[in-house]
Every structure is written in C-alpha cells, then in structure tokens.
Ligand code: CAO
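This document starts with one chain, in the form predicted on its own, laid out as structure tokens.
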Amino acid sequence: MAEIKQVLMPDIGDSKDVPVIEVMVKAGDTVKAEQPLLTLETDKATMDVPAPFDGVVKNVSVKVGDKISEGTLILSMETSATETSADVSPPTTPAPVKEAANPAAATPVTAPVAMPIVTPTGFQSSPTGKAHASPSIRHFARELGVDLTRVRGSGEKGRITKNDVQSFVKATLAQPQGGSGGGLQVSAMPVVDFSRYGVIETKPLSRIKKLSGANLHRNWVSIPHITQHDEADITEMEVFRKELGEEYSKQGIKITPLAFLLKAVVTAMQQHPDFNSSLDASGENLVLKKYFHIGVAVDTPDGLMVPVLRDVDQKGIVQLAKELGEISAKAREKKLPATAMQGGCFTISSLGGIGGTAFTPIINAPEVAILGVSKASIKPVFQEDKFVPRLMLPLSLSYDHRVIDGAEAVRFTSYLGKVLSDVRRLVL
C-alpha cells in the first residue's frame, strides 16, 4: 500500500541555514535509496543529502539558493511501507489518529521522516542522538585547545554548539593571564556609515570566507608568527619540468613547479622533524608525526580552500602532479568533502602563477609552519667570477616561534633551496 512520506533536513551538528547549491530531482522522478536528492554547502565542503528509501517524488519544497536547517521540509515521496521499513530511522511517533468512519477511504499518511545522513567527517546523526557535542564540534574544540567539560551548551538538552565554543574562547582571552594583568583587551571596531562619503554597495561574504576568516583570525592572534624569506635557484629544475611536461601532456597531466615543491618540502621535513609536528593541548609537548600529508592552498571563486595530499613521501612527481590537478579541480567545483581538508602536516601557498615577490602566510593550526611561494624571476647571480642569469624562486616560510627558532628556520629554507636547485637530491 502506497504511503506519502515527508523527507526532512536531518541534524548535521551545529550547521544552520545551510545553502542549497543543487537540486537533483523533480516531481515525478523515481529515485532509489541513497540516491542524492540535493547538495548542500557547509564547513568549506559540499555534501549530498541521500534518499532514505525508494519511491516517487511527489513535490519538492526547496530550490537552489534556499537556506535550510534541521527539520526543514525537503520533499514528499510516495513509497510502500515494505520498502521503507529497513531503510528509515525510527520516525517521530505520530499523534493518535481517530479511526475513519470508512477505513477503505482513509489515506495512509505517516509521520515526517528525518533520514540519517553521513557527514564529511563520517558522523552519522539522527533526530534521536543524545551526544552533547557532535564530532565536528569536538574536532573544532580540539583545534582550539578547549576542554568541552568547561563549556556550557546552549543547544537543545545542553548540546554544545560552535557558538558556545567560540564564546568560551572569547571570554577566556578577555581575562587577565597568569596574574600579570592585561590579558587580550581588544577595542571594538568603530561602526562607520560609509554612505556618508559616497555611493556604496554591500556584498555578503561567501560562506567559505566567513569560516576561513574566523580560523585565520584565531591563528594570527594565538600563534607567534615569524616569517623567514629566502630564494631558491630553480634554473635546472625548470628545464627538467618542461621536459616532463611535454612527455606527459598527451596523458592530460600538467607538470607544475608545485609538484616538485611538494617533494622538496617533504625531504626538508624529514631532515628537520620539528616542522612535521604539532603542540598538544597542554602546550608542553610536541606531537611528532611519522606521516607526510601536505595541504595546498587553492584559489576558488568563493574563497581559499586547502585540500590535503596524503603520503607525499611515497609518491613520485608525476603522480603528485596528477593528484594536484584532480584535487584542485574538485576544490573549484565545490566537490571536496571536509575529510579532504583534514590531517595536514604542513601547508604550501603558491602565488607564483599570479605574481608578487614575498608575503607572510598565516599558519594553518595545528600545523607549525607554512611555506609561501611567489613568482620566479631571472636574476643575475655571481658564479665563478662572473654574473650569470638564474631563475630564482622567492620563498616565505612562516613558523610558530614557540616550536621553531630562527636558526632552524634558516636551515630549513637553505636545505629546501639546495634540493630545488638540484632535483637529483629528491631521490636520495
């Protein structure tokens, strides 16, 4: 017997007013269980909302551009009770219904269904979840070094939200530290009516820029940044790169300088292990990592994203170039899951394709260093009693001064320059 079921937006942690960026079905479509119904953009990533069961779409209640939250009606589906019994989470118990005078004429209608959804972090949530903080909030709190037992939740049944964690951090920063007085006292930004001075236009920040901005601000004020500037002679590397590029262009693989930088950075990290570490929550111990996952900053129309290439030490230049092309394309198409931007040990931000001579990149906590790369240029270099033209690549290494001192930073960039100037060292 056919039934009409309402499909509601499930609980995905602390996310509210999540934008709908694609609707994949329309009224009359026949869908299978787990088939994507629509795509949402949240936490620097996109996620598909799957169908909880087989059925026929009766009507769609959302459209591209809508912002939806937990409990929002997505669509209605016609399905049979036997098909849904094994696929749907236990629905909210419906209110008692009076028996119809004519049972044969009664229309079978069930309670709305909020189907479970697997988020990019692998957390499966449901309307009956009893956790006081979702895995995404626990991860967010760990990055900030926040003990959740000290945070009071403002959500339903005391559930801790992202705003609760952020408010706790702000309150902590505003308090005097260590009895020395002072604390972090920051005056509020003045409210200015810019329209008094001329014509203006107000443009909302993208969701990605809002999320990135909060993280960048936190990292900038909480980490003592120092930036070491250096140059690497990549004359021979560039000749070899162009040769490889011609060889693999027929396979659709673009060999970029960034592929060489990835390998060179890993080689330098192996020689200087503190660059592949993180401070623990107490700030008194270093966590030294034995894996090499490198984040790469990608410029997208909506803002900066940092997908992570994993096990870079185990891959060759060509494979890295191929993966770089694939992951960068997914980032620009907003098809990256959140898991693709987690677990990085070190980040590279390359502006070489645009320009510039140097900059100060902000460390991507909980990492302890980030390498900025600017545009290479031909410079006269004194060699063997004469000046010769060499292709020099500007490097800007920002590092956490609590973990790395200036001498170690110079040794790192010097070693990096040595490897890039003679790529044969990458195989040693």
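In this text, residue numbers run from 1 along the sequence as written. Because the structure is a prediction, the values reported are computed rather than measured.
What comes next is about the form predicted together with this ligand, which is not displayed.
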Subject >> in the predicted bound form, Thr256 touching this ligand (heavy atom, 4.5 Å) >> reply: yes
**OP:** May I ask you to check whether Glu78 falls inside a 4.5 Å heavy atom distance of this ligand in the predicted bound form?
**Re:** no
Original post:
Does the 4.5 Å heavy atom contact test between Arg241 and this ligand in the predicted bound form come out positive?
Top reply: yes
**OP:** Check whether Lys209 has any heavy atom within 4.5 Å of a heavy atom of this ligand in the predicted bound form, and answer yes or no.
**Re:** no
**OP:** Heavy atoms, 4.5 Å, this ligand in the predicted bound form: which of 33 to 41, 49 to 57, 372 to 380, 64 to 72 makes the cut? Say which one.
**Re:** 372 to 380
**OP:** Spell it out for me: taking this ligand in the predicted bound form, does every residue among Met269, Gly344 and Asn364 have a heavy atom no farther than 4.5 Å from it?
**Re:** no
Subject >> Heavy atom within 4.5 Å of this ligand in the predicted bound form - residue from Pro337, Gly352, Gly153, Gly145 >> reply: Gly352
Original post:
Can you pick the one in Gln228, Asn215, Ser328, Thr235 that has a heavy atom within 4.5 Å of this ligand in the predicted bound form?
Top reply: Ser328
**OP:** Residue by residue through 270 to 308, tell me which have a non-hydrogen atom within 4.5 angstroms of this ligand in the predicted bound form.
**Re:** Val296, Ala297, Val298, Asp299, Leu304
